[in-house]
Structures are given as C-alpha cells and as structure tokens.
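The chain below stands alone and is given as structure tokens, in the form predicted on its own.
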Amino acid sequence: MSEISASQSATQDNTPITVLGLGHIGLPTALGLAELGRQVIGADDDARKVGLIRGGDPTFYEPGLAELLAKHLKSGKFQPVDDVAAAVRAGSIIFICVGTPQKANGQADLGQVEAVAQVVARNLNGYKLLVEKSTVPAITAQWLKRTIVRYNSGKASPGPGSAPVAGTIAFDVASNPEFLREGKALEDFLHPNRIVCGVESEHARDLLVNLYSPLKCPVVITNTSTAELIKHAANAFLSMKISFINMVSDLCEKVGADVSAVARGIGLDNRIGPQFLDAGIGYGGYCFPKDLRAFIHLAEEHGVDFSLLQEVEHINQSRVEMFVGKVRQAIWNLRGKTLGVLGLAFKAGTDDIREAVSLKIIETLREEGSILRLYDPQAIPNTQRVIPASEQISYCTSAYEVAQGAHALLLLTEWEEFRQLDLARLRGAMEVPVLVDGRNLYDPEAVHKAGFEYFSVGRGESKPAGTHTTTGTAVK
C-alpha cells in the first residue's frame, strides 16, 4: 500500500468517462466529475429515470444536486442516456454505481454488478478501466475480471501490465470505493478526506490519480481486495461507534448520568473523536445496515469470528423497542393516543427512507393502536408509497400541523428546521405537552422552561411540566 497526494499527479487528460447507474451514488459521482471539468456520460437502463434527469429532476433529494445537474446539462459536460451498451462503448473509464442490495441471509446481491460486467464484456471496443464504486465484498474485482473474459468470447485480456495476448483487447478492473454521506454527497465528493484506489497495474493507477488530480487530498493506493475491505471496515467501525454510545446511553439512564457529557468527554480524546457519538434511536439508511450484514456474512464464509459486529447490529435493532418504551413511559397507554411524528427520512438532508428507524417505530406504534400524524421536510412522498394514509395515518404540511391535538411529539430525524421551531406555538397546539426526543436535539432545561415534559435518550428523567412558556428555539 502506498499513499500519494492527488495534487502531485500528472497533467489531467481527456479520457472519456462513463458512469453506470444514476442513483444516490452514481448521479453525484457523475456530476462531481463534470464539475472537475471532465466530459461524463451517465447511463441507466431505467428510461423513465433518465428522462426525468434530462429534464433537470435528479429523482431524489440531495442538497445542491438539482442545481449542479442544471449547470452541467447546460454546459454539456454531463449527458444522461438509457443506452448502457452505447455508454460503455463511448467510455474508457467506466464507473460501476449500481445497487448491491441485501439477500435474506445478509449477503450482498451482486446480480446488477455481474450484469454490468457482461455488458462491458460484449462492448469492448478498446481499452477499458472498469472501476467499482458500489460497495462490494472482497474479491469482487476478481469475479469482474473473470466475467469480462468469459463473456467477451476470448477477445479480452486483463491489464496492460499483464502482457495481453496478441489480437485481444486489454482491460483493467479497479476498486475506488465511495465515501459519500447522503445529505453531504457533493461536499464529500469535491472535498474528500481521502481517496482509495485499489489497482493491479500502473496504467490503472495513473488513470485514477490523473482523474482526481484537482482534489488536494491523500490518495491511498493498494490492491483491489484491500480497497474493497476498506469500505466495509469503515462503515462497520462507524456503526460500532453509534451502537457503543447507545449502549452507554442505556447505562446513563440507569445511573443518572448524562450521555451527552460522556460523549463529549471521550470525544475530545483525539484517539476517539467526537463524530458518530450521538446517542439516539440508532442508525439506518441504505449503507450501514446492509454493509454491516454483508461484512459479517463475508467473515462467516471465511471462518472468521465477527461476533463483535453481530452485537453492534443487535444493539441497533433494539433501539426501536427502547424508543417505543420511552413513549409508553411518557404517555402510558398507546392505543387511541394521537402522536405527532417529526421526521421520516433516516437522517437529515435526504429524502431516503430505506432502513429508516423512524418507519420501524411508526409501524410498531400503529400496531399498538396509536393515531399518527407525520411530517418530514423531504421524505413524505417516499413514505406515502410504503405507508399509505389511513384512519390511523395522516400526513401534515408542517410541524405545527402535526402538533395539533397531539398527546405527544416524537422527534425522529434531526432536521435543521426542527431546531428552529417555536416551542410555545407547538405547546399551544397540543392536547398534552409531551416531547420525546429520539435524537437529543434539544436542551432539556430549555424545553422544560417552555412547558413541556421532555424525554430524551440517556440524559435522565423528565421533570414535570412547568408553567413557564417562552418562544424561540431550545437546542443543545
């Protein structure tokens, strides 16, 4: 393994680039490369999606994405197409950004990755560097190489550095895992703290280093299997930090300690750091749960004990019942109670509800007979597709509408909008002024002064509601 600076690379060239898959990873990647001055073809076999993107609709919410899409549709640096084969033929560097969903046993389903490899194999018309961006298990790159050779009818030969047989077309496979956080994907692409490139030839290495030359950050060069493991290990470690602080928060409640102070006390240690030490209802989204399970499955396949990560997953799954128990503690019986839910997306800054803890909590409360009023700044359309409106479920246009007649408000996503709420106005709309904060968004003392009974995670018992009211915000 070696490390270099992207700014030390050779002069940027004009190698044509194709990005396969225009979802949460592919579209920000394609537009980020266009922003770096490259000519990019973005391909997806979903013609409807491509049509929307051509019209300026990214098809999902990500801060800044619509604006960057409009910019590079106009500049001509980004061309969305639904002819994947033609896009493969047009590109020399081809990024794989297709889905790797989870099978029932936790294993990553690599069917879409294999399908892309077959398309590449059948459309080799010159040297191609096939780059894994999707999160995949170790040795996937080796399977990609085999697949391309098999489906190219013997005309493909791996790697310029591996002395290709005369008359064959050379190609390389590389691993360049993404580290894009939903809600900050463009920021992470354009201002990364590191770039990981798993390569097997100097030619592939030079192409990727050149590609990222405008970005001044360390570039870690390693082999493909190591790069693949880096991504899984990173997500597993961050998941572990979240489950760790949630485990500690449960003990804090039992002994009268404040988990926020504990997190600050340990996070100031530069060996630990403060990020991902926010206690609450746990992690969700498309990446952490899926990648953790795939990492565990990979270890099991190779006879390695990953019981530590199995416990990380167990702790995270237990957060739903922890939070529902807190709601019971706050309002006693759940049947027939009107509960206002603030936040549906798995995190702020996105409309993504995949593996969202909020939806699991909503489903549990619905089974308990609660009447639920739901609001999220971005995720309502996605949620309505999986949880239709009914006698028990209604969707609202604001947090204040959610609060109308509610016996409790449940804070499930840490949107900035919720930090700015007028607590006195919320309290005045509610039947009972109870706030159950699953993200520890607010300062307990300030919320108590606003007249609420307040229940948070790992920060002690609620005080009885007072008689004082105030306006403005009450954030920690």
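Just so we're clear, the structure is a prediction, and the values are computed from it rather than from any experiment. Note that residue numbering follows the sequence shown and begins at 1.
From this point on, the text means the form predicted together with a small molecule, which you will not see here.
Contact annotation for the candidate site: 49, 116 and 134 all lie close to the small molecule in the predicted complex (heavy atom within 4.5 Å). Between the small molecule and the residues 35, 45, 414, 443, the one pair within 4.5 Å by heavy atoms in the predicted complex involves 45. 100 is the sole member of 338, 100, 201, 152 with a non-hydrogen atom lying within 4.5 angstroms of the small molecule in the predicted complex. In plain terms, the part of the chain that comes close to the small molecule in the predicted complex, with a heavy atom within 4.5 Å, is 283 to 291 out of 237 to 245, 283 to 291, 141 to 149, 296 to 304.
Within 4.5 Å of some heavy atom of the small molecule in the predicted complex lies at least one heavy atom of residue 112. Using a 4.5 angstroms threshold between heavy atoms, residue 182 counts as touching the small molecule in the predicted complex. Put simply, residue 24 is close to the small molecule in the predicted complex: some heavy atom of it is within 4.5 Å.
Heavy atoms of residue 84 reach within 4.5 Å of the small molecule in the predicted complex, making it an interface residue.
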